[in-house]
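In structure tokens, one chain follows: the form predicted alone.
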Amino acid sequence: MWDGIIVGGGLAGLLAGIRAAERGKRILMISEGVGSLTYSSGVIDFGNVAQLVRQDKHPYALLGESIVRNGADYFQAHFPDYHGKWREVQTVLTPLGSPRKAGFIPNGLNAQVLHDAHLIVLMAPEGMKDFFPKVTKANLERAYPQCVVKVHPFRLDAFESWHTLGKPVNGMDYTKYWRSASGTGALKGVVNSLNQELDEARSDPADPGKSVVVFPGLASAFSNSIKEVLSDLPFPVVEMTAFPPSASGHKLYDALKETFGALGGELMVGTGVKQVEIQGKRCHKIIVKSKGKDSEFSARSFVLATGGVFGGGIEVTPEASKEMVFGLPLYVPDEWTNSEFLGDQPYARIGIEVDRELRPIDSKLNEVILENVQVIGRMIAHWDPWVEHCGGGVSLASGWFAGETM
């Protein structure tokens, strides 16, 4: 028998598994896919914690600020490639070059240095898909009016055959190449050539001053070889977040999986839950279908981390909304959408209502439905990750708490 079974392998589920395994628990994680983490920017947003802990039924209010802080501290202690301080707002660049506020960010993404720059050099890899140098340049000029922004195009021999065939090279392709031995050498050549040009500019009386390089598709987090190349440069390099799929999000997912496995956790990917066995108010067994046959797994406790509507944990049809694993009742807002496109969309708050132990509850009867099941991450009701900008914070806080109490 397992000590705990976690259904769902995103940020919340993996952090719960890591903490529980670290405590000596025998943990099985079941995930139908890789989750949305590989499509995210890799940035961890917390939102306005002081305000959200006072918001009725919000996950922060249920858990309390100290647990939100514990989750953040725990994550950062295990993944030092993430920078930031509690309640400190940082700045990152969007894929189109506009600055936005952020919480914890992967190595290299801190754009604060751009406020003191006089020259921004925008690196422009030729043929890079979903990268728009003219738009990015215009947004940088708008955000940093004290700067001269110059575009620096470059072309790599490694992708010549791709260019010949008209095949686009996306950010993930560039990131993968930079991490190879030949790619690291090519990166040195690109930045050293740029350094020579900047040296010549600095000797010119018309030199605009302090230079900062903005580099898309780099993703230096979790790569010692790339960080070593950048550390030798006389100018700072600011990386950009990316459109999905995101290299930073993918590398974080790999790091979480590796840490979970190193602690003895077992991960089953590509497997969905077919059935659960419940007696009274306790779940005893999960039945999954894998490789054409059914397998049964028993555990003392269970964690539901299937990611809500967009993670596949909730099925929405014109007739009804359904939680797909335990069949738990859902909070569904009376109004589904808001006519204001960028406003608070009620459907974002759909989910399972929980108590302060994160156990699913029937709010009408005010009682716990399943005593040995915890709900974490996006599956919890009454919060909006897009409007409140707290998706990463809720995942870390609820994931850490589940791993601590499982």
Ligand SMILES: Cc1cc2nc3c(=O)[nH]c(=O)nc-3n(C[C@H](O)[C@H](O)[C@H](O)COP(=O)(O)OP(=O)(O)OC[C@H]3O[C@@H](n4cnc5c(N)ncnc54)[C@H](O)[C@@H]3O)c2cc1C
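A residue's number is simply how far along the shown sequence it sits, counting from 1. Predicted, not measured: the structure shown is a model, and the values here were computed from it.
Only in words, not in the display: the form predicted together with the named molecule, which the text now covers.
Asks: Any chance Val191 has a heavy atom within 4.5 Å of the named molecule in the predicted bound form?
Replies: Because no heavy atom of Val191 falls inside 4.5 Å of the named molecule in the predicted bound form, the answer is no.
Asks: Even though the named molecule is not shown here, does Leu11 get within 4.5 Å of it in the predicted bound form, heavy atoms only?
Replies: Output for Leu11 is yes: heavy atoms within 4.5 Å of the named molecule.
Asks: Looking at the partner-bound form in the predicted bound form, is Val34 within 4.5 Å of the named molecule by any heavy atom?
Replies: The answer is yes: Val34 has a heavy atom within 4.5 Å of the named molecule.
Asks: Answer yes if any heavy atom of Asp45 is within 4.5 Å of a heavy atom of the named molecule in the predicted bound form; otherwise answer no.
Replies: Contact with the named molecule, yes.
Asks: Quick one: from Thr271, Ser295, Ser298, Ser225, grab the residue that has a heavy atom within 4.5 Å of the named molecule in the predicted bound form.
Replies: Checked against the cut-off, the match is Thr271.
Asks: Using heavy atoms only and a 4.5 Å cut-off, determine which of His118, Arg100, Arg87, Lys322 is in contact with the named molecule in the predicted bound form.
Replies: Contact residue from the list: Arg100.
Asks: Looking at heavy atoms inside 4.5 Å, which stretch does the named molecule contact in the predicted bound form, given the options 49-57, 23-31, 347-355, 366-374?
Replies: Selected stretch: 23-31.
Asks: Quick check: do Gly312, Arg378 and Gly392 each get a heavy atom within 4.5 Å of the named molecule in the predicted bound form?
Replies: Yes.
Asks: What residues of 278-300, in sequence order, lie within 4.5 Å of the named molecule in the predicted bound form by heavy atom?
Replies: Contacts from 278-300: none.
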